[in-house]
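A lone chain, given as structure tokens: the form predicted on its own.
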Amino acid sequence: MKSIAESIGNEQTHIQAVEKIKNAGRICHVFLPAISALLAIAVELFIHDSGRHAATKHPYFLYVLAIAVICFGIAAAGSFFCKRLQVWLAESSLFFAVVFLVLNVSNVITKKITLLPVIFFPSLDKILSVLFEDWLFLLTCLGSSGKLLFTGFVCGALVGFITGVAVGFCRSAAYWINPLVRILGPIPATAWIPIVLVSFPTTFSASTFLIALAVWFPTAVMTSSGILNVQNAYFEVSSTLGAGRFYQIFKVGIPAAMPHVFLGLFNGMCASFLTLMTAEMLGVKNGIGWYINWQKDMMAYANVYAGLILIAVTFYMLITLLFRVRDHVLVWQKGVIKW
């Protein structure tokens, strides 16, 4: 009996030791981003800059790292009291830790040892100085691009959706429109620039048409494909229950095709950004694409990278917003497919 009790006691001790190790691992895991940012701060403070590096007015990269340490430190401490914060950190802490590590390595390469040409690969301090000091002008350019992108995307998505619905439900429309879609759709929207610039009165209207054309094709194709893939049983049941043609279109066909519609909108969003950048670089006299092209000609590559960062953040926010709209509209899919 004594040996059995001892074995049980040893097993409980082992379990407690394992639990302590797991808890220590969880604590280290939630603090990983802050630790990684602290390592970058140590490198920034204790490793001297290269002589070829031109110092900036303020150490912006150090400021960003300090803010990151504070924010992630508070989040890590709060995770012990907030379950949602704990879940979020468990999923994303490793990602942010690797991001700070990559920034740290980039800072060493570009600022500390200048392994790459300084003119083409400026330090993070220079890039951040552009974002912080020229934010008003960058915001003006972003506003011009946003106006152009919104107008073109809405027009292209609306026309593409109507085209897809017409092709999906009307054989006559499919007979006449399908060849047009197959011929014009695969041609990149930017290939029409020489014709469009001389056909429209202003560069804004020309660029809007190019963006709308880039969005129209994937939206029309995916919308019609979604409608054509709706099971006939849905229409037969609705017809048996007395549904008319318009009810079948707007209450049966279109809702069932919405997953394909959003897929077309996602593809159209990517195509619209590509077309926007090209259109602004060639014709429009303002906008973030124009800004990048202008700074490239001036050999100001810190400004070029700042513009690219602004584009990446904006595109991420727009795609995230589109995902949120999709999740709200297609909430009925939750539990039916992998969410």
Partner chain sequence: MVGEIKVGSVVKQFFQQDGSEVTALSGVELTIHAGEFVSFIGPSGCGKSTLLRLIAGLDAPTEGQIYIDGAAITSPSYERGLVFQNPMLFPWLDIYHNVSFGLKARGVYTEQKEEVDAFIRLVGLEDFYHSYPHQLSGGMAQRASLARALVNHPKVLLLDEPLGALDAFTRMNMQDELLRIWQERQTTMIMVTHDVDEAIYLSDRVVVMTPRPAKIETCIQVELPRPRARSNTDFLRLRSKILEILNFAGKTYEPDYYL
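Residue numbers count along the first chain shown, from 1. Quick caveat: nothing in here was measured; it's all calculated off a predicted structure.
A second form of this protein, the form predicted together with the partner chain, is not displayed here; the remarks below concern that form.
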4.5 Å heavy atom contact, residue 112 and the partner chain in the predicted bound form: no
Partner proximity in the predicted bound form: residue 234 to the partner chain, non-hydrogen atom cutoff 4.5 Å: yes
Partner proximity in the predicted bound form: residue 188 to the partner chain, non-hydrogen atom cutoff 4.5 Å: no
In the predicted bound form, residue 331 touching the partner chain (heavy atom, 4.5 Å): yes
Location of the partner chain contact in the predicted bound form, chosen stretch of 160-168, 139-147, 255-263, 219-227 [non-hydrogen atom, 4.5 Å]: 255-263
Residue among 267, 86, 178, 239 with a heavy atom within 4.5 Å of the partner chain in the predicted bound form: 239
Option touching the partner chain, based on a heavy atom within 4.5 Å in the predicted bound form, out of 82, 243, 101, 154: 243
